[in-house]
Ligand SMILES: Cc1cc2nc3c(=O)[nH]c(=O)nc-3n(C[C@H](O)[C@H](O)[C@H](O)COP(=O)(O)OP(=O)(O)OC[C@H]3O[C@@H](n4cnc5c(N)ncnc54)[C@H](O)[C@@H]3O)c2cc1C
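What follows is a single chain, given as structure tokens, in the form predicted alone.
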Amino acid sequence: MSIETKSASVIIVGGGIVACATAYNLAKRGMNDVIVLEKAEIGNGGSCRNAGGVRQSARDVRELPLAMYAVGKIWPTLSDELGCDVEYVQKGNLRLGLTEAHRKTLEAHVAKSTRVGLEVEMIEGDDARAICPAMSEEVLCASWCPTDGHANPLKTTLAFYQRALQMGVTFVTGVTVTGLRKVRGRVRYVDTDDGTYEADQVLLCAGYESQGIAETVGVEIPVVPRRNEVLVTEMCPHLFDVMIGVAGGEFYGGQTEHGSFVMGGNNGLEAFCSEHHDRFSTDSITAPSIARGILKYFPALEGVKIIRTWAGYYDACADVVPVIDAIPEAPGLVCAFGFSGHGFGIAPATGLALSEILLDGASHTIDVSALTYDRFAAKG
């Protein structure tokens, strides 16, 4: 798709949930002179290829301000705000452990999170089974965050998109961004296979592809693509409402309001498999790996049919938290990528913070100061 006017106050590169949430928040502030550029379809990347966790627990403390603000201030009323049921359920998150080593891992997460004010605690296996009776007797312990939850990634991403579109934001799909260019030291041009676009400010939030685009103006952020798969089961009788994670990393996910289980994970062998980042095909190893992990914790699911699987790539940052920052070395450029597989739950808050960075020069509602680009600067 091409448009006649290829200039705007803000150009957003990428069409995932962060892009759509930012575009919506900009329009909400009266700034709808915005063009969003996406090479495929809106939400085609990791934004719609995850299991929908809205989680504060077991996060790096640097991104907890975003997670806690999103859960406390945005997610509870988001369906009404966007005019679409995003299927948000706030029934808690259990992160399970089978061994004493897992216990230590979970205790470390709980300790660092409680120090910054998150309501999360360690519980024993029997207490976890009281919350989720379908759980295996092998579960030794768990962390429990009652304010965590889950939502529908596809519906949430498209709801932000539809509202931003209704409010006057321009979305251009099928356009590949090839690089950025400066004018008098300031990022001004976005080069694409559809010609050159011009903007006062550029927001780069195109997942793992952001790295190569940023490098065209000398900005290097250590990000690599990582593969993840999700499986969906047939509809089943209701077992639990909580979101599940595991200290061993075998899987994560939950049961939807429709009865299907949506569970994500990987096989640990991705580095040794061929990767085609433009193809989201699954492989023969991952779904069985996820299924074996699930059955260790939930043997009651044995015999449940998997009806489909899908794969996607997320942008893994070197220190596992994103860069959300106006780049001092490239005035006019704001970066938001490196979400490392847990950007969905914080996306509504990220969109708010980015809109303030773009309009006001800084995020004054949510503290994102620990996520700046200069944390990767060489230390002398």
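As the structure is a prediction and not an experimental result, all values here were calculated from the model. Position 1 is the first residue in the sequence shown; the rest follow in order.
The form predicted in complex with the ligand exists for this protein as well; it is not shown, and the discussion that follows is about that form.
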In contact with the ligand in the predicted bound form (heavy atoms, 4.5 Å), from 206-214, 96-104, 126-134, 82-90, is stretch 206-214
Give me the residue from Cys317, Val334, Val34, Ala51 that has a heavy atom within 4.5 Å of the ligand in the predicted bound form.
Ala51
As a check of understanding, the residue in Gln166, Thr176, Thr196, Thr77 with any heavy atom within 4.5 Å of the ligand in the predicted bound form should be identified as Thr176
Does Lys28 reach the ligand in the predicted bound form, with heavy atoms at most 4.5 Å apart?
no
Could you tell me if Arg62 has a non-hydrogen atom within 4.5 Å of the ligand in the predicted bound form?
no
Is there a heavy atom of Phe160 no more than 4.5 Å from a heavy atom of the ligand in the predicted bound form?
no
Any chance Gly351 has a heavy atom within 4.5 Å of the ligand in the predicted bound form?
no
In the predicted bound form, which residues of 8-25 put a heavy atom within 4.5 Å of the ligand?
Val13, Gly14, Gly15, Gly16, Ile17, Val18, Ala19
